[in-house]
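In the block that follows, a single chain appears as structure tokens, in the form predicted on its own.
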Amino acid sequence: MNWYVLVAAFLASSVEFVEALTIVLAVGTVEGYRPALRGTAIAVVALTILTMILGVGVLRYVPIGVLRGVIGVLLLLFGVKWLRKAILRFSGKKSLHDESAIFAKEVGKLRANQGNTFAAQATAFNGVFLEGLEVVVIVLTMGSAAQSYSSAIIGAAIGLALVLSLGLALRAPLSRVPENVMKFVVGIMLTSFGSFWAGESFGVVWPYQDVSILLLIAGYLAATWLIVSNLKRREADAA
């Protein structure tokens, strides 16, 4: 069991599942849960087929050395994107992610076309498919590079079970989930994993092997803290 991969997959998938849940709940609130669940079911089937095709293709035809290089770069790009948003949010340059506001916005859009069950079903499908696609990419990339599919799948499954349980119990957006902090942590982890695997593929010999991932995490945390502090200081000076 690779605990680094499990935790990263859990956090990343939980964030995506929370966002998908918000859209499904908005559809259910306006048009009822039948079209919401139909759209969700179709998206899950499509994602399952896509995962099977990509998973078999990756494992069978791509050498592990090449795979780690490509995956490292992809994860690095994913991580930097998430980190950039987190830095802007925590420095006050961008508003914090708010599931309640997103829920209200989606409900407003759906009520403008209320009675159109096909559009509602399509909204649920798009939300679940797009958010789920990011989960698929993260699970496949991390599982492949670490040669630990089970860890990535278990992490994502725990995230799904937790978000689904809370969603069924509350039937409301999970606005109290510290999603902004989770996205920041995921950005740090993806960037660190991406740097580690991309470096390995280019011949970098990391000291202490996998322990170097912790050193990369610490380094990126320190760098991010400095950037956020600097941006806040500039904002205060300008004010």
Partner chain sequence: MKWLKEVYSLFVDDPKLAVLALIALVVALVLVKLDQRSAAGLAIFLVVSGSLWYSTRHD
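Positions refer to the first chain, counted from 1. Owing to the predicted nature of the structure, the values given are computational and were not obtained by experimental measurement.
A second form of this protein, the form predicted together with its partner chain, is not displayed here; the remarks below concern that form.
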Inset, instruction - Indicate whether Val45 is a 4.5 Å heavy atom neighbour of its partner chain in the model of the complex. - result: no
Inset, instruction - Check whether Arg111 has any heavy atom within 4.5 Å of a heavy atom of its partner chain in the model of the complex, and answer yes or no. - result: no
Legend entry - Partner contact for Glu134 in the model of the complex: its partner chain, 4.5 angstroms, heavy atom: yes
Inset, instruction - Examine Tyr208 and determine whether its closest non-hydrogen atom to its partner chain in the model of the complex is within 4.5 angstroms. - result: no
Inset, instruction - Could you check which residue among Ala157, Ala101, Val107, Val80 gets a heavy atom within 4.5 Å of its partner chain in the model of the complex? - result: Val80
Legend entry - Contact check for Phe17, Gly28 and Thr51 against its partner chain in the model of the complex, heavy atom at 4.5 Å: no
Legend entry - Partner-facing stretch of 163-171, 147-155, 84-92, 117-125, counted where any non-hydrogen atom is within 4.5 angstroms of its partner chain in the model of the complex: 84-92
Legend entry - Members of 201-231 lying within 4.5 angstroms of its partner chain, judged by heavy atom, in the model of the complex: Phe202, Gly203, Val204, Val205, Trp206, Leu216, Gly219, Tyr220, Ala223, Ile227, Asn230, Leu231
